[in-house]
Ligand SMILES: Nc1ncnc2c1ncn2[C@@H]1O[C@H](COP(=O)(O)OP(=O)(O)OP(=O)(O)O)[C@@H](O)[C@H]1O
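For reference, the chain that follows is the form predicted on its own, supplied as structure tokens.
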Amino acid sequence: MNADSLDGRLLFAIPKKGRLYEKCLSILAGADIQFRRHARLDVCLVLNHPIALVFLPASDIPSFVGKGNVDLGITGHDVIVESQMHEHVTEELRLGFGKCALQVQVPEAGSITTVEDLAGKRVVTSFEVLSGDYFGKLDDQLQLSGDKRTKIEYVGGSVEAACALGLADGIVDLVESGDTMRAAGLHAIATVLETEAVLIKSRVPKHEAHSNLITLITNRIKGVVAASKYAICQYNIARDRLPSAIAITPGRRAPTISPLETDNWVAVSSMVEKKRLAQIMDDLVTTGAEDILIFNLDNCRV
């Protein structure tokens, strides 16, 4: 592959590995972005659209998008803020995966129980910017100055080991399930930032000709994300009980309601959140709904 093969193609940056990579592949498949990635190559051409996928470290993607080197990208919200590129990119869509929290953590058996206790001490992190901003504001509130201010030290990996090794009094690190944190004998005392994967584009795009394609891909991914969160709920109900049923299943915009041959009965079809399915079905039964059916949208775009 050479530079000429990329001419006229929209460049779409994807995390090359890590916690976001596999989910991104599912998003691309759901949006019908077809490609074959050859081993050890970090650029590949999409077969059914004028797009080239560029596989980059997630931490580099905000800079590439913000500077206009690539047109679209998927990365973590935390990475965007940490790289100080949030003013140069637009977060088009939160993708609903890669959710975790950047948290302040200290040894469970230690004497530090609040962030105020930790202020002025040693904090190790891979997120210098976010941690510096957080503790800088805290130090100001506590009127700490000079050597009494919190010391932020960067460590690229194995941050959770810093306290046990005597390098820090506390750390700031990402927490997903909390298993790693607990295994290291740590617990969280504050949350700096909630984060998840996001689709981003440059605020000042280099290629205006790609705007329609960016809109197309963004809308497809919106559909994939919605399909992963929602299911279709269909049921029959007496018309006089319809207002109560609609309050339970209002849909994303509005439910579809069709008359039945049976007098004073209607069929209702509505999108509902998957995480609330059990409760919704229980509530519908209580309201008098019958013939309740659930249809999965995972293989659809809405």
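Residue numbers run from 1 along the displayed sequence. Values in this document were obtained by computation on a predicted structure and should not be read as measured data.
Another form, the form predicted in complex with the ligand, is not on view; read the next lines as being about it.
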{"item": "D140, heavy atom within 4.5 angstroms of the ligand in the predicted bound form", "value": "no"}
{"item": "Contact flag, G73 vs the ligand in the predicted bound form, heavy atom cut 4.5 Å", "value": "no"}
{"item": "4.5 Å heavy atom contact, R9 and the ligand in the predicted bound form", "value": "no"}
{"item": "Exercise: D169 in contact with the ligand in the predicted bound form, heavy atom 4.5 Å", "value": "no"}
{"item": "Residue (of I27, M271, A52, A58) lying close to the ligand in the predicted bound form, criterion heavy atoms within 4.5 Å", "value": "A58"}
{"item": "In the predicted bound form, the residue from R203, K206, K151, K99 that sits within 4.5 Å of the ligand by heavy atoms", "value": "K99"}
{"item": "Per-stretch contact check against the ligand in the predicted bound form, the hit in 173 to 181, 224 to 232, 87 to 95, 130 to 138 (non-hydrogen atom, 4.5 angstroms)", "value": "173 to 181"}
{"item": "Any residue of 184 to 204 that, in the predicted bound form, places a heavy atom within 4.5 Å of the ligand", "value": "T195"}
